[in-house]
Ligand SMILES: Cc1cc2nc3c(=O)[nH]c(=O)nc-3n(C[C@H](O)[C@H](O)[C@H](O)COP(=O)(O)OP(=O)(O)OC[C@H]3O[C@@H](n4cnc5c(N)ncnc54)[C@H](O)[C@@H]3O)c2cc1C
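In the block that follows, a single chain appears as structure tokens, in the form predicted alone.
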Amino acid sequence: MDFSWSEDQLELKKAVIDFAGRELNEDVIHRDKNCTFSMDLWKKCAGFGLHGLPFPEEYNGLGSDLLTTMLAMEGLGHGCKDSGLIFSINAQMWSVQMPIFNYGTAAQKSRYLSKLCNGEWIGAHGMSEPDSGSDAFSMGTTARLDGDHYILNGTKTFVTNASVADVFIVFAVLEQRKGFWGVTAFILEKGFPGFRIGKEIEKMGLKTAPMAELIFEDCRVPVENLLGKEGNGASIFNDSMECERGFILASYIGSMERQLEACLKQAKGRKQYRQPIGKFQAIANKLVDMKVRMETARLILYKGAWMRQTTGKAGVDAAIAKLYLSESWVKSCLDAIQIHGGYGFTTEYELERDMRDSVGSTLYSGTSEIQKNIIAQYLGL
């Protein structure tokens, strides 16, 4: 494994940091308070090329390899303080664009992937249901073939980007008696008959990333919108989830670095008892812990990307990355607040928003407990 970077890769990371810091942070406190998704910022990110980083140029992508993509997303987290916007981009990239790229027909890639990469369309992914939770394949949404259409009935919940999306990847069971083997993936478009967006879901954090339910009432989906083959939905979902859990938190490496820089400035500049607070072991130890977590998480992330890039699989490495990075981000947010004292608790310093946003990382793309189950399985337990 060689994680050294070329001059072009480092220049890309710097360009992303500069772009994000210059273009994406205006009024983020107000947008977070009002749960506002910014279409303008979404299009700016797409125009820069962020949405299409790991996808071929023929689909309006940049054609970057996975390690370069991780470095660029790390830069995005360093420069952009809007974790909700970053989360929305990642949710589309890994759980909508990637399965279409890996499993879609040439016509599907041409129709959907190009528009998703250039920001013309927004994508959402519907798997979770009100009663299924972590048991994702225990779903109640059904599909049946009716001539040249599939008829879908059911509900999906916790769907990121739902209220602003144009295209959706949705999973349903063709024959319920088949269970796992009947799960099938479909590509839906906004406006399909029998398909509507349900209630908005208010969240603790990531408030600039909209979330809502999807409702299917005899929804008619053309047969050409079948993604992959009938009964192949579980494989498609598992593959896309490996990408998502392995790479969706890459931006938090950059966020941890930005946060550490702010804490070091605080520790060196703020004085108590006639000396900088960084001279106190209690504060210094927190800063050391933040540094160690960040560097360890970075190497775990890069290894997962390297494994996926070289072997096509990163099962246990993706789970380890998701588990360690999410838990580390929460701990570092808590340390940052403590280092800033009462100021860290205020909205103005923006650390409380990092804290709220960080909690979600231990839940989405599989909870920390689910990641431990996956790792245990690889250990033969």
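One-based numbering along the sequence shown. Just so you know, these numbers come straight off a predicted model, no measurement behind them.
Only in words, not in the display: the form predicted in complex with the ligand, which the text now covers.
Item checked: Partner proximity in the model of the complex: G79 to the ligand, non-hydrogen atom cutoff 4.5 Å -> No - in the model of the complex, heavy atoms of G79 and the ligand never come within 4.5 Å of each other.
Check: Can you check whether T160 is within 4.5 Å of the ligand in the model of the complex, heavy atom basis?
Finding: Because a heavy atom of T160 falls inside 4.5 Å of the ligand in the model of the complex, the answer is yes.
Checklist line | Contact of L12 with the ligand in the model of the complex (heavy atom, 4.5 Å) | finding: The answer is no: L12 has no heavy atom within 4.5 Å of the ligand.
Item checked: Exercise: D18 in contact with the ligand in the model of the complex, heavy atom 4.5 Å -> D18: no, not in contact with the ligand in the model of the complex.
Margin query: Please identify the residue among S128, Q108, N153, Q309 with any heavy atom within 4.5 Å of the ligand in the model of the complex.
Written below: So the residue touching the ligand in the model of the complex, by this definition, is S128.
Check: Pick from F87, Y112, W94, Y302: which residue has any heavy atom within 4.5 angstroms of the ligand in the model of the complex?
Finding: Answer to the contact question: F87.
Check: Of 69-77, 138-146, 119-127, 274-282, which is the one stretch near the ligand in the model of the complex, taking non-hydrogen atoms within 4.5 angstroms as near?
Finding: Residues of 119-127 come within 4.5 Å of the partner.
Checklist line | Members of 199-222 lying within 4.5 angstroms of the ligand, judged by heavy atom, in the model of the complex | finding: Read in sequence order, the residues that approach the ligand (within 4.5 Å, in the model of the complex) are L206, M211.
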